[in-house]
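Below, in structure tokens: the form predicted alone, a single chain.
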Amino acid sequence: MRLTVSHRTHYTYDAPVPYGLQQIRLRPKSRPGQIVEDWAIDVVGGQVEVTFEDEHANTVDLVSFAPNQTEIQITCRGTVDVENMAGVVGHQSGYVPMWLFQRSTALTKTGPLVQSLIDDVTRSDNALETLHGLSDQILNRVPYSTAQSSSELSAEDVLREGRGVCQDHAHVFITVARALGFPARYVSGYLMMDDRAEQDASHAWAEANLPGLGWVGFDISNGISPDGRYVRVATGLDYRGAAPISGMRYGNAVEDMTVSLQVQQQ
């Protein structure tokens, strides 16, 4: 499936910002099942200082603000040819040892509610079956709801809240999968919805490393493994390691952000 993506993030500030720096993880990479035909990032109000690969082999653009800006606009657009691999990404490549994907982070720590979910997981000799069952259990306990929009809730917080979005589901899945002995990671990217080109936001899901298959994706929010409608962009131990945009700025200006995103089949 040939997908076109147009993603614009527009920041405005109520006072000039003397200095700002952002890490942009918005460049998908070609890999088995995904070929990037073209991709470009444009920055208005700043510039790309350097482009590099991080420890997870994500392509990162380091963007600096021009002095005393009151608005910054980051636009990425391109075309990606995606094959339906039933969520199977394959064996680990890159610089990170496999044991690191079993380490907990601030967003993926085990607490009493997570432990209760771990205890309730139906285990099978078939790892794929076990993890699809886990995905179903998470969605039953944490129904999808955009009323929860913080990216800083831990897996324990999400279960306490009892509702969440795709990144919350991914954090709970990652936490439990690691406890069950599976290396797991967070994935940020894009999903083409079948009923519209305009999307509310970028998407997130989880991957677990299974014997014989390698990395396999699980979109808990939609109850499926990623297919030809998904574009993988970045991976990390949790949201913070794969966030599309993160950074810092000086000053006390109040920030307002608007996002425009289209994903459609060409």
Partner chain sequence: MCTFGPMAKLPDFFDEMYGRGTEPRAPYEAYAKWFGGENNARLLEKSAEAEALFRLIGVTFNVYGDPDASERLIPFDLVPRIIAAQEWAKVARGIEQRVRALNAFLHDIYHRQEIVRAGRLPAEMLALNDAFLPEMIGMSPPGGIYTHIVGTDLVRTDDNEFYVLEDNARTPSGVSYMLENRETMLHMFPELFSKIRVQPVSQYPRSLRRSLSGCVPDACSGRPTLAVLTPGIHNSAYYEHAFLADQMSAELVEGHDLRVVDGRVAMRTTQGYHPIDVLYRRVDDDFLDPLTFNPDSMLGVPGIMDVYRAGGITIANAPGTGIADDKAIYSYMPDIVEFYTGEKAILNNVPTHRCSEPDALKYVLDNLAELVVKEVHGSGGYGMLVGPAASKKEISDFRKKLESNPDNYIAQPTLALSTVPILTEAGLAPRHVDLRPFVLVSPQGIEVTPGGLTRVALSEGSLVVNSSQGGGTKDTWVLEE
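Numbering follows the first chain given and starts at 1. Bear in mind the structure is a predicted one, so any value in this text is a computation, not a measurement.
One more form of this protein should be noted, the form predicted in complex with the partner chain, which is absent from this view; the next part is about it.
Checking 210, 60, 43, 224 against the partner chain in the predicted bound form, a heavy atom within 4.5 Å turns up for just one residue: 60. When you look in the predicted bound form, the only residue of 86, 193, 106, 100 with a non-hydrogen atom within 4.5 Å of the partner chain is 100. Of the candidate stretches 31-39, 198-206, 50-58, 214-222, only 50-58 has residues with heavy atoms within 4.5 Å of the partner chain in the predicted bound form. In the predicted bound form, the partner chain lies within 4.5 Å of some heavy atom of residue 248. Looking at residue 23, you'd find a heavy atom of it within 4.5 angstroms of the partner chain in the predicted bound form. At least one heavy atom of residue 96 is located within 4.5 Å of the partner chain in the predicted bound form. The partner chain in the predicted bound form comes within 4.5 Å of no heavy atom belonging to residue 16. Contacts of stretch 165-193 with the partner chain in the predicted bound form, defined by any heavy atom lying within 4.5 Å, are made by none of its residues.
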